[in-house]
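Just so you know, structure 1 and structure 2 below are the same protein chain in two forms, each on its own as structure tokens.
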Structure 1
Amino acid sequence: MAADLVLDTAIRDWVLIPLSVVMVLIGVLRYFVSKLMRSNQVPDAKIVKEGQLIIRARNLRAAANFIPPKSFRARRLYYNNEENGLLIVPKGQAQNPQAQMFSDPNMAMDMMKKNLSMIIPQTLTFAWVNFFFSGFVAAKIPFPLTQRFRSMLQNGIDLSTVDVSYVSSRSWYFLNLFGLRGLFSLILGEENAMDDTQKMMQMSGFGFDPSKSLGAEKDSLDIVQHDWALPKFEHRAEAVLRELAR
């Protein structure tokens, strides 16, 4: 049976709360630093146009059942026509996003600044947590968990007899690192709030590949099964009126 621990209130005051406050302050500070380091580069008109085109195609897929079948087929042909469709990218015009980034020094510099503004604070914060708070049991989850969560919640504690619901200080650091999007959306706004999971995913890629995005949207639009919803609404309204007329 897993052992129950009595957490000292001093751990809450000197470990749990300082870790949470520092992580929030570092996230806000990193946002303003990255905003100051951002160059005033004018976005490429072609990339902006292709991004807006993808949004329009997605809106068509989302609202496909609210327009007549003939109108939907005409719009889909406008986007997916093999000769001059908007979502068709000729093979010779496909751009390599990696080559585009390395050919543009401003884009490469922005990528390097973004990586530095993320890696340096994380490295320093993790070293601070590992040096001062390593080995602390900082909190307890108020509901039972399975053994699969042990490696995630008890990083830095090598005791198999401790209940899984207890959270170590190092694991609390990682939980704050990847789970503060909701709080940042309140502080910085929804558009500026992005957790570190999404930032790491952006760091793993080198750029936007319009040919792949347009091709994927074309395939998604091709497989849409149109089912006009207006007749269903008419039948439902007729049934409601009949019920009221009784």
Structure 2
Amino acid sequence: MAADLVLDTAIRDWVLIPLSVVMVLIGVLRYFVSKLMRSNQVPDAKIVKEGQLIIRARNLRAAANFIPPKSFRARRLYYNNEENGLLIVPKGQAQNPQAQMFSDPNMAMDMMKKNLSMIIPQTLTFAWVNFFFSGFVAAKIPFPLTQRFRSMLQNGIDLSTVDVSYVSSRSWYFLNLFGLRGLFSLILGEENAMDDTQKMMQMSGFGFDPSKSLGAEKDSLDIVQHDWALPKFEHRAEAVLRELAR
């Protein structure tokens, strides 16, 4: 095993630094492109209304004990009666979000735009890196690592004898791809940092179903036991005033 590989300074100047710079520039470029392509989405009135309704029903559940029993019962009936309560979703009407996604071309279009702005530059840069910089040992990290890290740091070099602390150019590309988030948040502002990992999380979290949460809210409202808190307040007020009078 070679004790020390000597890395040519030309590798630093022509591989390591250009790769990082290009990654940063692509990130910035992608941010502006996605900003251009982002269609101004007008939220659907029904969805907004359902969201507000859920907040209001939740408020009712949380603070039920602060209003008189009669008012509470009236409200519960308003939300929960079987005929036209606000929280009742008629059976066949509950829309499957998946189906909704396909029926609404705008939504699919939006998704596609998002995906395109993510995938195309990524494949292009990956191909570019593969073509020009494959097989370089680009850097050495200043501490030793175990064999497990070989696949992470030496992607593209199939040598088991090279010490793990050497980083191949393709791995350097991956490290940049996932690790530049902090830099982007500095350049583009806090919330603009486009992080691929985050985007992937968003994709998987797709498919929130408002009708389901309406049903859940209805069930939990059904089982609320109303216990008016106000009669207790009279005694507490007495105590407060007695304290004050002293």
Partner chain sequence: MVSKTEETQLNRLENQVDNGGGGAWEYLCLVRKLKVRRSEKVLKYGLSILNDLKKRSSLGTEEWTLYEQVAIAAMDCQSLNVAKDCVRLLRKAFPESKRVGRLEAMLLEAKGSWAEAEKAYSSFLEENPLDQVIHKRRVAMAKAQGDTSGAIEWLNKYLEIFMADHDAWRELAEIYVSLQMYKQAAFCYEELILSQPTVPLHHLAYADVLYTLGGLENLQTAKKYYASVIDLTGGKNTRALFGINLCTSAIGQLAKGRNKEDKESLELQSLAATALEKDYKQRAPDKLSLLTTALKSLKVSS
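Just so you know, these numbers come straight off a predicted model, no measurement behind them. Basically, rigid core = biggest C-alpha set you can superpose within 1.5 Å across the two forms. Reference numbering: structure 1, starting with residue 1.
Q: Choose between structure 1 and structure 2: indicate the form predicted on its own.
A: That would be structure 1.
Q: E234: after superposing the rigid core, is there a C-alpha shift of 2 Å or more between structure 1 and structure 2?
A: E234: C-alpha displaced by 2 Å or more between structure 1 and structure 2.
Q: Taking the rigid core as reference, does I67 move its C-alpha 2 Å or further between structure 1 and structure 2?
A: Yes, shifts by 2 Å or more.
Q: Tell me whether D222 is among the residues that move between structure 1 and structure 2 (Cα shift of 2 angstroms or more, core superposed).
A: Result for D222: yes, a 2 Å-plus shift.
Q: Could you tell me the distance the CA of R58 travels between structure 1 and structure 2 after a rigid core superposition, in angstrom?
A: Spelling it out: core superposed, C-alpha of R58 shifted, distance 13.9 Å.
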